[in-house]
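In structure tokens, one chain follows: the form predicted on its own.
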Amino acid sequence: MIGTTMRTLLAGALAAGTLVAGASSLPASAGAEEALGASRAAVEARRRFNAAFEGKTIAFVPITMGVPLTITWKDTIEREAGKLGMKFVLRDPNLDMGAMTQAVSALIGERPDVMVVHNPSVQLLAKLLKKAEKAGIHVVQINMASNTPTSAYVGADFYRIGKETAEDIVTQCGAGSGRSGKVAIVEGDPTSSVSMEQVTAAKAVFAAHPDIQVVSSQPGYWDANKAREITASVLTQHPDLCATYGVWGIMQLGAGQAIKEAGLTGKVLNYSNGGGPQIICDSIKAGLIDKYWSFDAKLQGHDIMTAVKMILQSGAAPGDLRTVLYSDTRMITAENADGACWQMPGQ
């Protein structure tokens, strides 16, 4: 009886294809994968997914690789592209804008499938990005937008950050606060979308509140030493300054130093934003920055690759898509700074 039952079970298993010498002995066919529990639809979806990326090339052109933000983007893009079977190419102009235009021009001739660019200004690469799309290259812009829209923009919503920052400054410095209402703005490069959007949004908020007085709005050109000089000068003229707002955190650390040197830490509020590497959280805890709108560079790198995956699978031609992925942001203060910042690759 037992022998008959075992023979029956064995025959059924063999007929169903569930008893085999090993999974590796199955032929590479949809039917074989179905025998392992994969549906025909899932098998076909995987094949289409792999085919969309295998052998494709993605090129990354940052402004410079010398900052935590771009180092982290590069690490994430290269790692995720490798998993997809894509070739990764880096062209680092190292803050040389002439070298940057040359790098983008050369890549247009080389025809990568996707180009990820970090625009130093709204105009510098505008014509080249349009040319890249006409040459059949999808362009993803990261954090700094050009006047030319492309397949995707991935990055922070800097207009919203400027608006939210200004609204908080109004609360802290405006009517009923007991403070002067005086505010200084440290811009980045005035031709950069990051600076333009934030300053435009902030000044629109301030204009609606006559109790707020913008006593200075000067470009720091992303330089911490320049931000320090500007802020020290403003504090000499306006020792009752309520707040300073810089459009990039690393630069605005210089303003924090000027406030500290003037003995005004905690009295003059320092606002900024940007990627949140550990140096920012350390500086917040040290009192150099009071409120900081942070986005995660690792997640931005992942969002870049998410955009790339959607673009290449869509089958759309370069120029047909105009997508935006805004990065999530959080406000960091001394109260929540522990564990709020990300580590650079290898740390």
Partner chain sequence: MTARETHIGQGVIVAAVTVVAVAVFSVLLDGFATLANAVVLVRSVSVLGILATGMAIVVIARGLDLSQVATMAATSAWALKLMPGGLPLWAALLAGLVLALLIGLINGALIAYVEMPALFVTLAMGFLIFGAVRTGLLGGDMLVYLPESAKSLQILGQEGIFGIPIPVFVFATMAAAAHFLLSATSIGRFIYAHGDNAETARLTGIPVRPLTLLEYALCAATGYVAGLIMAASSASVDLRIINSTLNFDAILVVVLGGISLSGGRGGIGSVLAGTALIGTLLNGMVIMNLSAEVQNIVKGLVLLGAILLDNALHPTDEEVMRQGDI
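As the structure is a prediction and not an experimental result, all values here were calculated from the model. Positions refer to the first chain, counted from 1.
Separately, the form predicted in complex with its partner chain exists; it is not shown, and the next lines address it.
Using a 4.5 angstroms limit between non-hydrogen atoms, Leu264 is distant from its partner chain in the model of the complex. Looking at Asp211, you'd find every heavy atom of it more than 4.5 angstroms from its partner chain in the model of the complex.
Heavy atoms of Ser233 reach within 4.5 Å of its partner chain in the model of the complex, making it an interface residue. Its partner chain in the model of the complex is not approached by Gln123, whose heavy atoms all lie more than 4.5 angstroms from it. Exactly one listed residue, out of Ser177, Ser105, Asn147, Gln218, brings a non-hydrogen atom to within 4.5 Å of its partner chain in the model of the complex: Gln218. Proximity to its partner chain in the model of the complex, taken as a non-hydrogen atom within 4.5 angstroms, holds for one residue of Lys127, Lys260, Lys87, Arg111, which is Lys260.
With the partner left out here, its partner chain still marks one of 74-82, 151-159, 219-227, 130-138 in the model of the complex; by a 4.5 Å heavy atom cut-off that stretch is 219-227. Contacts of stretch 41-67 with its partner chain in the model of the complex, defined by any heavy atom lying within 4.5 Å, are made by Thr64, Met65, Gly66, Val67, listed in sequence order.
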